[in-house]
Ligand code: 13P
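In structure tokens, one chain follows: the form predicted alone.
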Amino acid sequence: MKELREERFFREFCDTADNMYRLGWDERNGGNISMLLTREEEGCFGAPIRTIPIPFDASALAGRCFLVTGTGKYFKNVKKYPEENLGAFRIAKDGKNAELLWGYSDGGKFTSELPAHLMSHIARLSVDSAQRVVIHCHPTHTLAMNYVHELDEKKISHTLWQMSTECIVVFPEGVGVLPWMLCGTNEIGIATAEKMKKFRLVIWGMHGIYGAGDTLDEAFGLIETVEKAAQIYMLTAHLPRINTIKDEELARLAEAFGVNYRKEFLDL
């Protein structure tokens, strides 16, 4: 078996968790990351160690392997003690069990949000077969914005787009929004996956955000861009608006960069 710590994908996974903690997006054991492994990456792991029941039917992903943060694990410890805080597993043929290949060395298991992650993977793969990463976290300004801005997909996407020139280019489809729901359930997983068919970013009202991408960098960068826009909003929302990016200018920007933006989110 290859030395995991020397593998680029593994180092990037640990670095991403470390950055998310450093930025304050994942306090305590808040947040989770899951990554669908390539066949080459799967070769870094050995035979199954034990099985862990999955709380929903994941047979659509049978035979696929994932690297996932553990339940109750602190992101600040991932980089230093990865084998305790991460786990690599294969979805069993019956879709009802995860065959642990590595990690969760203290007897732990995957994040309680695994249903939302795997359902989101299924949804994103149905749209784009290259999408391999799902990140959930609690970015401070995005969360603060939830309390003072209408949780309406068109309105919050429009506001975020206006906060920075890059936004409509980075997430032209906008941001999906869910109301507050009980976390760690199949219900919130189903609702998130439904949104993930149309959006790569989904806000969980008064909780956090989900982001999906081809790579760790892309998923992280999507959330990072939303968080920067939310920070600008929170710094300026109480002040008179003297300047803004007009809808006509947002449309020109999106068209100049050749992105397929959600036109109904602009008032043209």
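All values reported here derive from a predicted model rather than from experimental measurement. From 1 onward, residues are counted along the sequence shown.
There is another form of the same protein, the form predicted together with ligand 13P; it is not shown, and what comes next is about it.
Between 130 to 138, 77 to 85, 169 to 177, 96 to 104, the stretch whose residues reach within 4.5 angstroms of ligand 13P in the predicted bound form through a non-hydrogen atom is 130 to 138. Contact annotation: Gln231 falls outside 4.5 Å of ligand 13P in the predicted bound form, judged by heavy atom distances.
Using a 4.5 angstroms threshold between heavy atoms, Thr111 counts as touching ligand 13P in the predicted bound form.
Heavy atoms of Gly211 never reach within 4.5 Å of ligand 13P in the predicted bound form, leaving it off the interface. Remark: Thr225 does not count among the residues lining ligand 13P in the predicted bound form, judged by a heavy atom distance of 4.5 Å or less. With the partner omitted from this view, the residue of Gly205, Gly63, Gly221, Gly30 that lies near ligand 13P in the predicted bound form is Gly30 [heavy atom within 4.5 Å]. In the predicted bound form, the residues of 60 to 76 lying within 4.5 Å of ligand 13P by at least one heavy atom are, in order, Gly70, Thr71, Gly72, Lys73.
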